[in-house]
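There is one chain below, alone, in structure tokens, taken in the form predicted on its own.
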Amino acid sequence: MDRSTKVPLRTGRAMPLIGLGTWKLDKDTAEKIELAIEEGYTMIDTSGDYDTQPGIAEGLRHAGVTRGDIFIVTKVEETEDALESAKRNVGQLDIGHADLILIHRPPQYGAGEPLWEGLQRARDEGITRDIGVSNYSVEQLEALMETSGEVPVVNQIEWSPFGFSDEMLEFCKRHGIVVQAYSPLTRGEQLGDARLATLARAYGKSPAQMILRWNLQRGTIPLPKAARRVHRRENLAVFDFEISQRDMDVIDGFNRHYSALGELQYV
């Protein structure tokens, strides 16, 4: 496993092992995206409600990146017309097509079948290559799959050693759904955990690097946000070590269904 390794999707395409989250990265977005690409990021995660898409478009232009070398994830909101939102997002990003578009969260009632139909149309029209969901529970995934007959390629959920679900990961693996982990670093709130710090020192790594490596070894795709260059570089420097199985088990034991947002949406 190295930075160039790709994760296969059930559709036959593939995505990078790690991406850059852009929630609240709305200040100097273009400059940060340009630098991130220079530093080695090949996947950018955004959404129509992040207010970062025009800046991402500018950053991509300035970086001069080839479209096929960058993987772009965006999302439609549960209150929107999914097809129109997908078109708008891709237009703001100025990328011709998205690699992956997700339903940002399930609607208040049901599993979002009309939203899913809109994303299916967006894919059929070439607006996106693949489609998936975010913040869905196992029950909601099952309902969507049953009614549509199609399995999402991704479920993007809040996921860290302090808050995760083995049931969710096992379900997704069984059905060929990739778990993308947003807020994998708990928005910084748990990086001072003494147990994590002790393990990090033993590996000569930072607590953040330990968490990201834990994600990779569990088969989940972390999307850490990092506004500062030092943190972006640190987050990519996780391919030169491996956490032992014993220590992976220790880190698994940190789980208490913690959420930096208040609650895990899928538990």
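The shown structure was predicted, so the numbers you read here are calculated from the model rather than taken from an experiment. Note that residue numbering begins at 1 and tracks the sequence as displayed.
What comes next is about the form predicted in complex with a small molecule, which does not appear here.
Between the small molecule and the residues Q92, Q120, S137, T186, the one pair within 4.5 Å by heavy atoms in the predicted complex involves T186. The candidate spot formed by D45, P224 and A227 is fully in contact with the small molecule in the predicted complex: every one of the three has a heavy atom within 4.5 Å. Only one of 79-87, 128-136, 110-118, 92-100 places residue heavy atoms within 4.5 angstroms of the small molecule in the predicted complex, namely 128-136. The closest heavy atom approach of W23 to the small molecule in the predicted complex falls within 4.5 Å.
Though the partner is left out of this view, H231 does reach within 4.5 Å of the small molecule in the predicted complex, counting heavy atoms only. Although the partner is absent from this view, Y50 contacts the small molecule in the predicted complex, with a non-hydrogen atom inside 4.5 angstroms. For the chain shown alone, Q156 is a contact residue for the small molecule in the predicted complex, at least one non-hydrogen atom being within 4.5 angstroms.
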